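Take a look at this single chain in structure tokens; it is the form predicted on its own.
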Amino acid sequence: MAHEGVTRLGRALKTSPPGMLGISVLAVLLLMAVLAPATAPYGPRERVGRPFQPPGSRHLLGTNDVGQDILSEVIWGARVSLTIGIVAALAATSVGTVAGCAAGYFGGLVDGVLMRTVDLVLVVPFVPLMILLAAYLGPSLYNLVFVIAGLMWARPARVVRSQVLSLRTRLYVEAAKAAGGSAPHMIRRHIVPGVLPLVLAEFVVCASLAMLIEASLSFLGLGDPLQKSWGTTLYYARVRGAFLTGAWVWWVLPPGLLITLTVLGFALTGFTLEAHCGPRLARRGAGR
């Protein structure tokens, strides 16, 4: 069942122009991140030119205030930004899936406690809490992932729970339960495969949000200053005079455009997956 669901999602992406565009954009950016040591002209912290040197043949995107090559900084930054986005989305989706499956399958007190926790996370003002937690925990990649995942798991949990409520009443699940199937076996064998396509769609949406959150926190100076990400590049451009010297044209625009492209790639992919999962799951739920 899980394999069939993933296969259908792959087919949906292949037959959807927006989905193919999103996948293509993400593939190029991921390839850039993986091949950063081979494609970046210089190291991310190597001083190779004059400060605020405009784009030229030697430095295609110019240099920053200490003479570091911005093209190299942007290429290496893809690794950090994409890693934070993907890992945070994976953590948020995993926690949300476990919580949603438990709440939907067991119901009762478990459902009440978990869903009231979800409601609490969703009702608290997102931006102030995000900034407060990031400032309190301090600048660190691990803290960024923790903050982002801790604030995003509630949406996947609610979405997964809704689908589990439909799955647990279907005839094949009721038959397996009547045959003596234990709760862990039922969840692993029948519930998780049924929600997997929806979980993949939620993961892509969470990755898109995680990229924006990482860039926003880093831009505010709450990211790890020892790591070169697209967000920290924007932060240093802001505090070191890029807008006063005119260097923003080659220092701010490249990482800003790459963040936009990445979010767009995730968004197009996520919208395609959601459009495929939503109607299909709704029809299956109504037909049982």
Partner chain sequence: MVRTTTGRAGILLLASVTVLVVAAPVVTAAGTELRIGTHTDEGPLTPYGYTFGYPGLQLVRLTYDSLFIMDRERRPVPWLVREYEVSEDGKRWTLRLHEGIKFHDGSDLTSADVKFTYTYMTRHAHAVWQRALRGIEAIETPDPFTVEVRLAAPQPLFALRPLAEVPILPAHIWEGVTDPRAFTDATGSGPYRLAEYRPGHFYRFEAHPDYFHPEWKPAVGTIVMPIIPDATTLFTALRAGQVDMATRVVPPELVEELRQAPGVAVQRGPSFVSTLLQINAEREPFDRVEFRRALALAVDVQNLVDTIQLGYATAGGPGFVHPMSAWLLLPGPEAQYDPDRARSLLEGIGFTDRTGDGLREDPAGMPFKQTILVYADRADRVRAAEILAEAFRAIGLRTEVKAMEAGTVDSLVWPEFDVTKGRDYDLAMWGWSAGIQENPLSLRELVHSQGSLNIGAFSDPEVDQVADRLLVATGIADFGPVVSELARLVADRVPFVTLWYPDGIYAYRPEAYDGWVYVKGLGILDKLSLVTRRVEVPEAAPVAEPPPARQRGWAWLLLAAAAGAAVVLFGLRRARPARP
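Positions refer to the first chain, counted from 1. Predicted model, so just to flag it, every value in this text is computed and none were measured.
The same protein also exists as the form predicted in complex with its partner chain; that form is not shown, yet it is the one meant from here on.
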### Message
Going by heavy atom distances of 4.5 angstroms or less, which of L35, L60, L226, V28 would be at the interface with its partner chain in the predicted bound form?
### Response
L226
### Task
Consider P51 of the chain shown here, and say whether it contacts its partner chain in the predicted bound form, taking contact as heavy atoms within 4.5 Å.
yes
### Query
Is T245 one of the residues lying within 4.5 Å of its partner chain in the predicted bound form, judged by heavy atom distances?
yes
#### Entry: its partner chain contact at P55 in the predicted bound form, heavy atom, 4.5 Å
no
### Message
With a cut-off of 4.5 Å between heavy atoms, is Y236 one of the residues that contacts its partner chain in the predicted bound form?
### Response
yes
### Query
Listed by sequence position, which residues of 33 to 69 have a non-hydrogen atom within 4.5 angstroms of its partner chain in the predicted bound form?
R45, R47, P51, F52, N64, D65, V66, Q68
